[in-house]
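Just one chain is shown here, as structure tokens, and it is the form predicted alone.
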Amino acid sequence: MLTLADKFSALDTEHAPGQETRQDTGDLHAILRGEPLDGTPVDFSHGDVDAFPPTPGALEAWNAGYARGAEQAYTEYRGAAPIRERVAERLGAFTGQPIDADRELIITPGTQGALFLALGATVAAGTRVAVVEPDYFANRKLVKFFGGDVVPIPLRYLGAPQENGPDLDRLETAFASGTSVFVFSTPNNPTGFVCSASHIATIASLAAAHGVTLIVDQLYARMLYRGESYTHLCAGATQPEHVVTIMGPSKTESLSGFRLGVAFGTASIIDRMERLQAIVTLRAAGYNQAALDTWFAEPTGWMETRIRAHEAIRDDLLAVFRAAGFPVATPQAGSYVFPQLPSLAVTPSAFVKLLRLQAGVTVTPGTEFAPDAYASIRLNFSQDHAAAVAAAQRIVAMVERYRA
């Protein structure tokens, strides 16, 4: 039987963005080697909204929502109807799948809120849930919190492009043996891997055949790099009975501080999500919802410029890590790199803390994304370009300092 202690032990927040100063550094000072490394502190655990500010007009849109007073402060639980209609139209055009704003879409407090609601609406004690590894850290934690059983699906991401992807044979076996929910991100967080059209078609077909609910996180679907293509699961020729897609403007558009997310898909699941939201948070912050009017309505060229800037940072970080011999995949989309480090004389957990103490660099340990990814670290490279590259160079220097 799942106890309260079991439920909350799954929700460790030590390495959540902004929590690094609460980490127990223990006796690390006893193993410090050498002088601190000089450089601008960089927090790779989240994006820098000073380096990449929110979409133009976001503040003005928020002010307009505030000016509407109670009308905007106390919206429907699933969000203000006029805003939902505009968002549904834009997302329908983006994904190629029409969305019913009244029945099939809900505005949530961030995409994290959407994920909580989606899993809360589909997972009960004993529910078998397929979870990609590595993948977004909250997937595994929330499944355990709701009493579900995690069924790991390995993701290959360091091989040749045609060899990379989730283990679809393992996924089919999981579906055939009673797994009823599959949650995954594409683009993948933390590797930047994007599921191909073939991957998506197979996942949809398997889910339809076995009656599996699909929850797909497409948060970074807009930040796609040159030469890459994207397939929206919700618009495929084969559709399982139950699908929920999660998106939002928090990352690519730097609206994280507004805590806005959107989920759309099967009406019965969206209805459950609304009932849960009505109890947990009531609604996404009313005034903040108005900022969604800037989503998919950025000035001409704004998104392309932002993508090219991130691509340039990505390429320079890859060059630093590859020159040092660290295995690292080229992200196809998003703003994360997930390099593997060589064997160290300290534990991975200690090294992450030493990085912050001695080099002023905050990263997220790989074990947040897969239990066996202890040799990896995740960096969100939505940062000042020069500062990010210098910080990556300090990571390499710290690895040399603490090599086994």
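Just so it is clear, the structure is predicted and the values come from calculations on it, not from any experiment. We number the residues from 1 along the sequence you see.
Quick note: we don't show the form predicted in complex with a further copy of the same chain, though the next part is all about it.
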* Position in contact with a further copy of the same chain when the complex is considered in the predicted bound form, options Tyr230, Phe116, Phe321, Tyr157, heavy atoms within 4.5 Å -> Phe116
* **Selected contact from Pro348, Pro54, Pro342, Gly360, since only one has a non-hydrogen atom within 4.5 angstroms of a further copy of the same chain in the predicted bound form** => Pro54
* a further copy of the same chain contact at Pro152 in the predicted bound form, heavy atom, 4.5 Å -> no
* To do: Report yes if any heavy atom of Gly257 sits within 4.5 Å of a heavy atom of a further copy of the same chain in the predicted bound form; otherwise report no.
  => yes
* Asked: His310 near a further copy of the same chain in the predicted bound form, any heavy atom under 4.5 Å?
  -> no
* Heavy atom of Arg283 within 4.5 Å of a further copy of the same chain in the predicted bound form -> yes
* Quick one: find which of 325-333, 158-166, 74-82, 221-229 has residues within 4.5 Å of a further copy of the same chain in the predicted bound form by heavy atom distance. => 74-82
* Residues Thr173, Val183 and Ala237 all lining a further copy of the same chain in the predicted bound form, heavy atom within 4.5 Å -> no
* Asked: Can you tell me which residues in 113-144 come within 4.5 angstroms of a further copy of the same chain in the predicted bound form, by heavy atoms?
  -> Gly113, Phe116, Gly120, Ala121, Thr122, Val123, Ala124, Ala125, Tyr136, Phe137, Ala138, Lys141, Leu142
